[in-house]
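The chain below stands alone and is given in C-alpha cells; this is the form predicted on its own.
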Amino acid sequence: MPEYERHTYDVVVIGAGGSGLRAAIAAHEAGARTAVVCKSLLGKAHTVMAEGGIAAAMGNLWPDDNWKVHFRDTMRGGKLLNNWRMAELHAKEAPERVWELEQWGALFDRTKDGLISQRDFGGHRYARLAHVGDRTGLEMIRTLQQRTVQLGVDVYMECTVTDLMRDGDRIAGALGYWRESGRFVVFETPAVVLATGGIGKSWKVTSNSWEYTGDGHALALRAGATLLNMEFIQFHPTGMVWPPSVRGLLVTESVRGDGGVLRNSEGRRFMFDYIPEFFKAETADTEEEADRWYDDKKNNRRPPELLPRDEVARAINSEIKAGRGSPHGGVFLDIASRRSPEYIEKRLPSMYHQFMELAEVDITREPMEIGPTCHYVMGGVEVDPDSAASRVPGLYAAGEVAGGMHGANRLGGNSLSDLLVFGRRAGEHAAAYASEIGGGRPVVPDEDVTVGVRTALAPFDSGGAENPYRIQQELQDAMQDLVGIIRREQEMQLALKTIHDLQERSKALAVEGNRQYNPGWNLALDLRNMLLVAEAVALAAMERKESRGGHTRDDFPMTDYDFWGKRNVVIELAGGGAVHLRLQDLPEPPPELAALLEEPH
C-alpha cells in the first residue's frame, strides 16, 4: 500500500472558481462538512476573466426586462439546443443571486438612482449585465472567497485531483496529490461537486490559462458519467493577437457593449455584412440606426457588433481569410473614435491598462488588434437541471464543466449568473444527498487507491522517451488547425487519427527528477485528461452534420432544425475505456415556454 494522507468530509468541491465557491457556501450552510480542493491558488480562477458583468433580468435600466425575455434570449442565443429547464431556472433565479452577492459585500456600479447599473452585451435584448467597471469577475471571486473563508470552509490549494473513487456505483471519494511535495492525498466523501471549468488548453490560441485541461470532464467520464454536446466550443471574438506572448488573452465584450466597433484593414465597419436571418428582426442594418441605439436607445435594434459571439467570431474569421485583416492577423476593435478618453478609462480601466502595459497601445487614441480565441466549452457533464446531479450517485457538476445550460452558444454575461445559480443548487443537493445517503457511508477501496497512485507515477518508470511538452504542442496544433472555428470531415478524421497516435505515444511519456514541483510530471498527468477530452470533442464534432452556434461545418453549412435541432450528442466510456457516442432526444419545453421562443422580439 502506498503512503497517503486522508481527510473525511460530507461534500468535497473540486475547483475554486465562482461555481465551486458558491457550491461550497451552499453545502456548508446546509450543514455539510465541506472542503474545497483547487489545482492552483484560491482566487486564481477563470471567473476573474468574466469582466463584463453578470446577466440578470433585474429591470434596473429597462423596466420591461424580465425572466421571460432573458429565457428567450438565452435559448435563441444557444440556437434552441439548451436544456429548457436549466435556462428557465437560470433566468428566474439570477436576480436573487446578484442581490445576494450585494448583501455579502460586492460593490456594483450604480445608476443615478442608486440601483445596480446594467450594461449591454451581445445577444441580450436589454441592458442586463450587473457590473463593476470591467472587473466584475474579480469582484465576484473576492466576495465569494471572503464568504467562504469567513464561514470556515476548509480549502486545499495547489492540490490536483487525478481520480474519483467509487464504492460500487456510488462516489466514495477522490485521489489527488500535492503539487509542492508530490505526496498523495485521499478525500473520503459521499458527494463530490465538479467545478473545474473548461478545456481550452487543448488549443494553441486560447484565453484559458494552464489549469484548463479538461480535468472535470475527464474525471466524470472515467467515473461513469456522460458528457453532452462537446462539439460546441466558443471562440470568443476578441482576444489579443499582438504581441505573441499574450496572443489569445481576452478582450472583454464590454468594449463592444460600451460602443466599440469592428473594422477591417480598409477601415470599414464590416459587421453589417454578416447579420444572419435569425437575428435580422432585432439587429440594426445601418450605421445610423446602430448609432441611435447607442446614443438614446429609442430604437432598440442592437448594433451588429452585439450579435451572439459565434456570429461575430465567424465574421472576423471571414474578414481575415479574405485578406482584409490587420497586420498581425486579426481585425481592429475601435472605441477610441467613439468615446471620450475619460469615458474609456472610467468604464474600461482593466482594458486600458492591459493594452498599455502589454502591447503599448493607448486604446483611448488608437484601435486594438483582436482576433478569435478559444474561450469556453458549452458541452459538459450531463446533469439533472434541478439538482445538478450527474448519472453517477453522489457526483454533481456546475459551471463550465456542466453541459446543457448554454446550448450551442453561450451569451456573454450568462456564465457568471450560471455559476451562481447552479453552483448553489449543486452545493445544496450534494449536502442533502450526503445527509440522507442510504446503505451506509461509501468506502474508498484500498486497491483503487493503489492503482490510481501507480498510474500517476507511471511516467517516472515508463522507460519511454516521449516528452510531455512535445505531445501537448502537437495536440494544440491539431485542435487549432483541424477542430477550430471552421470544420470539415476529412480534417476531423485527421484530428482523431492524430489524437489516437498521441494517446499511444503518451504511454511512453518520460519525466525526470523528483515529484516536488515537477512541471513535466504535472503536464504528463494533465495530458491524460486533455487527450481524452480532445477525442470527445473531435468525435462529437464529426458526428453533428450541421452548422449551429459554436460548431461550424464547412461541408454542412446549413442548420438542420428537423433532425439535429432535436438531438444531443452524448459521449460515454464503454468497456476498456473506449470513447462511445450516441444520440439522445432533446427535451422539449412546455407550451407556455415554447410560445416565448416564437415571439419576433
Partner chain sequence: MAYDLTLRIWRGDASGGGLVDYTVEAEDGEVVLDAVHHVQAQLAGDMAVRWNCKAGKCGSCSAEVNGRPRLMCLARLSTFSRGEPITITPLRTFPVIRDLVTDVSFNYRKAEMVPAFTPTAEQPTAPFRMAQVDVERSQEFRKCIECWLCQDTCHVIRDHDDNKEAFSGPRFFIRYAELDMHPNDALDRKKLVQEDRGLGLCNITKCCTEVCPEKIKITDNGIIPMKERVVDVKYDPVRLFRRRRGGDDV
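Positions refer to the first chain, counted from 1. Because the structure is a prediction, the values reported are computed rather than measured.
Another form, the form predicted together with its partner chain, is not on view; read the next lines as being about it.
Residues placing heavy atoms within 4.5 Å of its partner chain in the predicted bound form fall in a single listed stretch, namely 95-103, out of 422-430, 95-103, 191-199, 213-221. Checking Glu311, Glu139, Asp258, Glu466 against its partner chain in the predicted bound form, a heavy atom within 4.5 Å turns up for just one residue: Glu139. Interface residue among Gln516, Ser340, Thr286, Gln490 relative to its partner chain in the predicted bound form, by the heavy atom within 4.5 Å criterion: Gln516.
Taking the partner from elsewhere, every residue among Leu42, Glu360 and Gly520 has a non-hydrogen atom within 4.5 angstroms of its partner chain in the predicted bound form. With a 4.5 Å cutoff on heavy atoms, Ala281 does not count as touching its partner chain in the predicted bound form; it lies far away. In the predicted bound form, no heavy atom of Glu474 sits within 4.5 Å of its partner chain. By the criterion of a heavy atom within 4.5 Å, Met49 is counted among the residues contacting its partner chain in the predicted bound form.
In the predicted bound form, its partner chain sits within 4.5 Å of a heavy atom of Val132.
Of the residues in 341-374, those that come within 4.5 Å of its partner chain in the predicted bound form through at least one heavy atom are, in sequence order, Lys346, Ser350, Met351, His353, Gln354, Glu357, Leu358, Ala359, Glu360.
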